[in-house]
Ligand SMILES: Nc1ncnc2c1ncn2[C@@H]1O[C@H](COP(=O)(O)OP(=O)(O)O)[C@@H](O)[C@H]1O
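In structure tokens, one chain follows: the form predicted alone.
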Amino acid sequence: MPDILETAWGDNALMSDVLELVDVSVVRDGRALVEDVSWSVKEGERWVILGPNGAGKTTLLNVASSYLFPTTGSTRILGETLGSPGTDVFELRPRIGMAGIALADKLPRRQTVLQTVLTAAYGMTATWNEDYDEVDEQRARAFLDRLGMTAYLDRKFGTLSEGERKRTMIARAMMTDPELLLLDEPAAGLDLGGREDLVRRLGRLARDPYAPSMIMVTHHVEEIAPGFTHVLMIRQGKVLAAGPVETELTSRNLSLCFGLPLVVERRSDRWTAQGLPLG
């Protein structure tokens, strides 16, 4: 009998270009949040977006989620072009999984962990009178198990630690069998132990050939899990570097991105960065 996660993700291999941005700019109140961004993500790639506060990372993620339309340029997500007459974003969005602080704040604290994940099957944030199929509950349990949350199924979402909440949100994002998984600073607010546990689990997910294409926003190279294949660096709304992590995550590129001298090192399958001492 096939694994429930293989069954859930098995059809995702049909897509080649998952995301394509061409000359995309997003302007608000006369200010460009991102400017002339051209970027593509192919099926099976795992991208990390790096940059300082205010660089435009979350703006790019919101464009990729279809919740933010570009002011100029074109965006194609999972074969659908935003703004074109034939594109229905309400049909597109269930194909995209997203986990971030903004959504976590909207979820009822009284719901159990299992309910919190299950409601994603109906595109809801709270339970109502919906009936779930057995396969929905099996899939929710499987995703929660993958993220180490089996012992917390009946816990109230509001009583979870920050790390437990993050893992629940990632399981929830995967409930609709997404073809694209977006993670907005999943390790933000975690202590060292919580961060390392999450990075380890994200690494397992990133290396899973049945998992969807992934894009993760972060400020820290230490949060890049093994299995992430590409990096995009952005500063003041403009892309500084984009490509395979092995060639683009360099001391020079990271220094330009954050505006100070930095040294990047790779140890085994993890990355670290530190500033040069003042001389």
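Just so you know, these numbers come straight off a predicted model, no measurement behind them. Counting begins at 1, following the sequence as shown.
Below, we turn to the form predicted together with the named molecule, even though it does not appear here.
**Student:** Among 220 to 228, 207 to 215, 247 to 255, 29 to 37, which stretch has residues with heavy atoms no more than 4.5 Å from the named molecule in the predicted bound form?
**Tutor:** Comparing against the named molecule in the predicted bound form, the contact stretch is 29 to 37.
**Student:** Residue-level contact is defined here as any heavy atom of the residue lying within 4.5 Å of the named molecule in the predicted bound form; does residue 58 satisfy this criterion?
**Tutor:** Yes.
**Student:** Is residue 52 near the named molecule? Define near as a heavy atom within 4.5 Å, in the predicted bound form.
**Tutor:** Residue 52: contacts the named molecule in the predicted bound form.
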